[in-house]
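Quick heads-up: it's one chain on its own, the form predicted alone, in structure tokens.
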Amino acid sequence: MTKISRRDFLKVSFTAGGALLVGTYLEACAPADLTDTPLPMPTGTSTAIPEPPFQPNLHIRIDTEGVVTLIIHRSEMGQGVRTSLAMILAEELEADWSTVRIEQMDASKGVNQITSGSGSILINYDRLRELASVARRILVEAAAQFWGVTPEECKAENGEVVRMASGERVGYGQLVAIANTLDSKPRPELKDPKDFKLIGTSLQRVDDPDIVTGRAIYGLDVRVPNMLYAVVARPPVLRGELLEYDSTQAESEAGVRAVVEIPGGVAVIAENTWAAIQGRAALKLTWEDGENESLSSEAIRQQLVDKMDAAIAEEKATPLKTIEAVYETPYLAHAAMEPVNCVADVCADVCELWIPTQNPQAVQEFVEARLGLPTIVHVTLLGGGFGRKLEVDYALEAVEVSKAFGGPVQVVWTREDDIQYDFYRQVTYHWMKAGWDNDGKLGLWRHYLAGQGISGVAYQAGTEVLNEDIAVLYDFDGRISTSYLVNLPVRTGPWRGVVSATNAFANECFVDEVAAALGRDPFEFRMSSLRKNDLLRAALELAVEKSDWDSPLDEGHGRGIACHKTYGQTSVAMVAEVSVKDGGVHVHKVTCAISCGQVIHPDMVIQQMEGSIAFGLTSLLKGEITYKDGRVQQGNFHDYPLLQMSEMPEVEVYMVEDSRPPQGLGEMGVPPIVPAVVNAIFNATGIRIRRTPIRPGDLLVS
């Protein structure tokens, strides 16, 4: 006979393939009458204890069948990080890729799990290689003991260890028992990159089969026993407060199970999402709008202008010939295809969450602080993130709903919720000035930026975020870049590329303005202004070569160029070809060159650049969040549209040979696309675009 306790009862866990399996659940959540219930051992079952797997660290587990499970600690939101990290581990481990499986790590205090700043590969490349190398060397030692030879007489190869003198082979699975007895701590010996077999190839993504067949589990796919669904009514004005509510009609809606008040709103809990949404619509709510009831986009802009005017007033006169320009960008929502959501189950002595998050450790930390309970955080696939899912607000909200209701609840945000209660990309206002002498030599460059810091709870930053990548890329004399923080009540957070995108828009467009004023070719002017060892030079040269920069264009067409070095790491240059007709712009082609260090998966480089271009073009052609009477004016894709497939240009991506370790990809293609297109518009029409998005009438030639 064997026993099963509450903690062993009915926990929902995730397999590598994303399928939900019945396993163990939470002790305090299981029915009391099942505690210590004896279960009969099935007839014919062996009582022998199976050999435990070989697990030398948090990331690698090998069982006796030779299956290699790689535990991935970063969040997958479409960027392919689970595949890339698995490839790094498998490469250095000398694993047979056909035996490799992946498992998503729950929130763990033992390793940095935040997925942000395009740093998943950059930060973990060396560390994971070292961990895998140590595991490989232990397996080699185990094989040496198996044969009674020295480790130097053996080598690992494709999931096996080979005895070099005889050619004998033993699989990793056969070495598990011996490996578990070794008290060895060998130093890592990393492979020479010329011997890589996996890194540098375009393998099928580990998630692809499950994603295309619908087996993959995103946050909205999670189902746990006895789970109900909830939506939350929130104050329509920033920091508004609930005065009173009447839930009588809401509670009479079919399928509605409860209405509960939580900090910051009222939750309607129902048997399905539609019933919850209908119940919310039936609530009668009275809000106190508070001090932000008159907030408007015009008032926000005026605060930025006032801050900048005060800064400009301190500028001294110069004998140089000068030009000035102002560039502006609005608040932007993230608008990921999967709105934020969370399943929470708050029990008497533990809390369990299933959540699409980029920041599982912050979720765990903030929830534990809120509840005073140990918290288990399961990370699902993310249907896009772009920085929004670094925050913890939606996790804390789900926890409050579950606690108030007393059971597992999936809190779902509608598209309107997701857009109107986002942590937006900051609004920015840039003042640019350049000056040169009679010989055309620059002696003055100014980039002053007024904007808002990041106000998110879990990802706070102030002036330093405004300073990020603000410094001009070029070796101009007299260059000064300064940011001025403006305190505004709007919720802000990291948005793909953070401030790099807005700074590249201002810098790279103004560089073109200066080049035009000096009668210089934009490409040649950039090259002459970069230091000789700057990796941007190679990216610019490759982009220009592949785009046929100097070739003739059709009438009404123009080419523009721009580049950026995001976070000082990855260099990206783009050439855009556009045409303008009847006040509308059509982007025909984008040629992209990238210098990003060692490439793990070439197809992912291309995919990330293509996705970045679509993301950036949306911000240029469509994206804007505005305020009126304290309320966000946009609410769904009819008034916050995304780039359509028919609007996507042809994209060619080329990689510069770069011997550095991997330098990051996810955000790097966003900054240069907007200025490349804007500069192409000028080349086609002579019109300068200095604010985004492009509005009706901006491109009408008088």
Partner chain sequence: MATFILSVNGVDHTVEANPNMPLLWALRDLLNLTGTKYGCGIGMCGSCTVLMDGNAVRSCILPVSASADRAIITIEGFSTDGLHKVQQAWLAESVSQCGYCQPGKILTAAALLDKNPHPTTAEIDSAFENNLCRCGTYLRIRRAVQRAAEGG
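These figures come from a predicted structure and were not determined experimentally. Residue numbers count along the first chain shown, from 1.
Below, we refer to the form predicted in complex with its partner chain, which is not included among the displayed structures.
Student: Indicate whether Leu220 is a 4.5 Å heavy atom neighbour of its partner chain in the predicted complex.
Tutor: Although its partner chain is absent here, Leu220 would touch it in the predicted complex, with heavy atoms inside 4.5 Å.
Student: So, Leu620 and its partner chain: in the predicted complex, are they within 4.5 Å at any heavy atom pair?
Tutor: No, Leu620 is distant from the partner.
Student: Can Arg370 be called a contact residue for its partner chain in the predicted complex at 4.5 Å between heavy atoms?
Tutor: Close contact is absent here: in the predicted complex, Arg370 is far from its partner chain, nothing within 4.5 Å, heavy atoms only.
Student: Is Arg129 a contact residue for its partner chain in the predicted complex, using a 4.5 Å heavy atom cut-off?
Tutor: No, Arg129 is distant from the partner.
Student: With the partner removed from view, which of 600-608, 505-513, 561-569, 164-172 is the stretch that lies within 4.5 Å of its partner chain in the predicted complex, judged by heavy atom distances?
Tutor: The contacting stretch here is 600-608.
Student: Check each of Thr414, Thr201, Ser184, Asn158 and return the one that places a heavy atom within 4.5 angstroms of its partner chain in the predicted complex.
Tutor: Checked against the cut-off, the match is Thr414.
Student: Have a look at Ala614, Met105, Val260, Leu122 for me and say which one sits with a heavy atom within 4.5 Å of its partner chain in the predicted complex.
Tutor: Selected option: Ala614.
Student: Indicate whether the candidate residues Glu293, Gln420 and Arg695 are all in contact with its partner chain in the predicted complex, with contact defined as any heavy atom within 4.5 Å.
Tutor: Not one of the three qualifies.
Student: Would you mind checking 293-309 for residues with a heavy atom within 4.5 Å of its partner chain in the predicted complex?
Tutor: Result: empty, none.
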